[in-house]
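What follows is one chain in C-alpha cells, specifically the form predicted alone.
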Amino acid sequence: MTEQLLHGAVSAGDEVPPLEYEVSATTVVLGALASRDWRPMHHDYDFAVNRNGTKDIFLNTPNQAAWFERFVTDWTGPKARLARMTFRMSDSVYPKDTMRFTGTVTGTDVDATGCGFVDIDVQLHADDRLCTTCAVRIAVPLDEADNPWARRGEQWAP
C-alpha cells in the first residue's frame, strides 16, 4: 500500500518517482472496453492501419486519463483527491511501446477553506516520443487527521 504523502512534505521542483509500463494490445483493448469506447481504432488492427493510417491500435483518451491518475495517486497516497487534470496528446501510444510517466511539482498552496493542493506537470513518453503532457492539481492532507475526501460543498473548491 502506498504511504500517504502530506502537504508539508512537498515543494516546487520535487520530482515524482517515474512509472514505466510495457503496453500490450490487451492494455489498449481493455482500456477501451472499460470506458465503453467501441470505436474500432482501439481494438481492430486492420481498421486502425488500413482505414485510419496509424501503425497499430492505440490508447484512447480515457485510458490515458486513467494512467495519469494512477501515476499521481500512486505517489500521493490513498487520501489524495484529484481536483483537476488537463492534458494535450501529440502522439499515440501503441502496443509494444514502453510508457514512461515523469512528473515535477510546480507549486503547492492551501486554499481559503484549509485544503492543501499540489500542482504537477506530467509527461508521458512512449519509448523516445513525447506523447502527452498533463497538468494535475491534487488535494493532499495537511496532516494525518486531514482527509480531502471528507470535504463537501463549499469546503471543496478545487
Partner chain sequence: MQLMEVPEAVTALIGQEQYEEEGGFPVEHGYIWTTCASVENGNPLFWDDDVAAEITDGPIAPPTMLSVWFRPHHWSPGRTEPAVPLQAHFDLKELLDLPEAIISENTITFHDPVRIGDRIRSRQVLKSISDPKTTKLGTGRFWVLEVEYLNQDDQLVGVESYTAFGYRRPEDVA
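Note that the structure is a prediction, hence the values are computed from the model and not measured. Residue numbers count along the first chain shown, from 1.
There is another form of the same protein, the form predicted in complex with the partner chain; it is not shown, and what comes next is about it.
Distance criterion of 4.5 Å from any heavy atom to the partner chain in the predicted bound form singles out Ala65 from the list Cys115, Ala65, Ala48, Ala126. Using a 4.5 Å cutoff between non-hydrogen atoms, Ser24 does not count as a contact of the partner chain in the predicted bound form. Taking non-hydrogen atoms only, Thr54 never approaches the partner chain to within 4.5 angstroms in the predicted bound form.
Put simply, Lys96 is far from the partner chain in the predicted bound form: not one heavy atom of it is within 4.5 Å. The partner chain is not drawn, but in the predicted bound form it has no heavy atom within 4.5 Å of Arg100. In sequence order, Asn147, Trp149, Arg152, Trp156, Pro158 are the residues of 123-158 having a heavy atom within 4.5 Å of the partner chain in the predicted bound form; the partner itself is omitted from this view.
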